[in-house]
Ligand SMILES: Cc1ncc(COP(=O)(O)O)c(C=O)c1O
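A single chain, nothing else alongside it, follows as structure tokens in the form predicted alone.
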Amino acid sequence: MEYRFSARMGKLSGNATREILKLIKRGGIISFAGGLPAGDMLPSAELAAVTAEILNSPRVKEVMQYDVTEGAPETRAEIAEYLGGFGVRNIGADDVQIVSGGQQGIDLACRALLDKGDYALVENPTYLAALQIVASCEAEAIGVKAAAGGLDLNDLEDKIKKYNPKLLYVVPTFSNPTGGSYSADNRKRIAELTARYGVVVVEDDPYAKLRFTGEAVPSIKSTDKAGNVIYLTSFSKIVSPGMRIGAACAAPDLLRRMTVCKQGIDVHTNSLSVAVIGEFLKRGIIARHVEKVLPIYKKKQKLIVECLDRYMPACYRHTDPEGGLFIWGRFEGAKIDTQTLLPEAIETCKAAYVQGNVFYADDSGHDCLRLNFSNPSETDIERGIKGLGSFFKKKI
């Protein structure tokens, strides 16, 4: 049969990270590709205990039924209090929409705002799934230059004037893919500039709790005076990706439109997972778990930086982030195409990375790659980076 696919499918390709993970599932590959928390650091005992308690209580009758699209009010109230730690203050349960992972929050924002032919601005480079989502809305993503401590504000304003975008998508704290962060002043000026031109900011903030060094910086949402910032966070990186729990906080009309979009997708997020996250927040389990994993992730981050300096070619330059899950690198002045070389690198080194071009709106960045350090063991970090270093030295 010849299938008549929608026109929007012509603009979509598979998510690079998801495709690489299929290969890695076969085993024997050291993965620096996915943004996975360490498997042995997931709070499995706490998850089992809290889940069993809920399922063996009278509350199970509510948890096993349909819920409101926004999510259980008790959990939303806990999340509203939790968001105070990100500088998102003076909010309550009604200001929060629970979503099926932070990525659904991006999707709902784009569905609510973007029409065919619209423009969305993103930092170059940016989270690859955001580019996918913009394309699925038949809109076009336009890259904004990065600068020291955030976005190039002159380039941002120039592109707002040129393209009249409906939204700006950013990951301002320990960015995926670079690990970089915006300064407090840059965040404040982004909020002011976008408000002046009527552009909605989608602030994606799943990594802020994973800070190893330096001082915490308030969110862009904390400086939002016009109601033009949609704040997204996720519990995937600090509790469990498989639970698929995130949250959106926005002005009432924006949040309502996102809720309507969600009703047509999955009705509501998994109620049992929502209830468990609510209990984790209420009992302080998340805060204690983050305290437990931070020293381990910090040690891995330090190790991968040392290994990159020791084993990679002299032309390789990388970031040294204060937190998060990723290291970003570029082969400066070398004819290296990380996309073309990826299959050979996996075969030769038994190690996987994500090629840089998939994070760019304009398909540049072929000399870049992203590495995740949280999931591989310390032994695998050294072995994998040593192998990749030897591989790339032979290609220069």
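Nothing here was measured: the structure is a model prediction, and the numbers come from that model. For every residue, the number given is its place in the sequence shown, counted from 1.
There is also a form predicted together with the ligand; it is not shown, and the following applies to it.
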query = If you check in the predicted bound form, do Y316, D367 and K386 all have a non-hydrogen atom within 4.5 Å of the ligand?
reply = no
(Q) Is it the case that N176, even though its partner is missing from this view, gets within 4.5 Å of the ligand in the predicted bound form, heavy atoms only? (A) yes
Answer yes if any heavy atom of G102 is within 4.5 Å of a heavy atom of the ligand in the predicted bound form; otherwise answer no.
-> yes
Indicate whether the ligand has at least one heavy atom within 4.5 Å of a heavy atom of E123 in the predicted bound form. no
Please determine whether R244 contacts the ligand in the predicted bound form, using a 4.5 Å cut-off between heavy atoms. yes
Picking from C137, I106, M312, I286, the single residue whose non-hydrogen atoms come within 4.5 angstroms of the ligand in the predicted bound form is I106
Checking G71, P206, P165, P321 against the ligand in the predicted bound form, the residue with a non-hydrogen atom inside 4.5 angstroms turns out to be P206
Within 4.5 Å of the ligand in the predicted bound form, heavy atom basis, the matching stretch of 72-80, 206-214, 149-157, 249-257 is 206-214
Contacts from 228-259 to the ligand in the predicted bound form (any heavy atom within 4.5 Å), listed N to C, are S234, S236, K237, R244
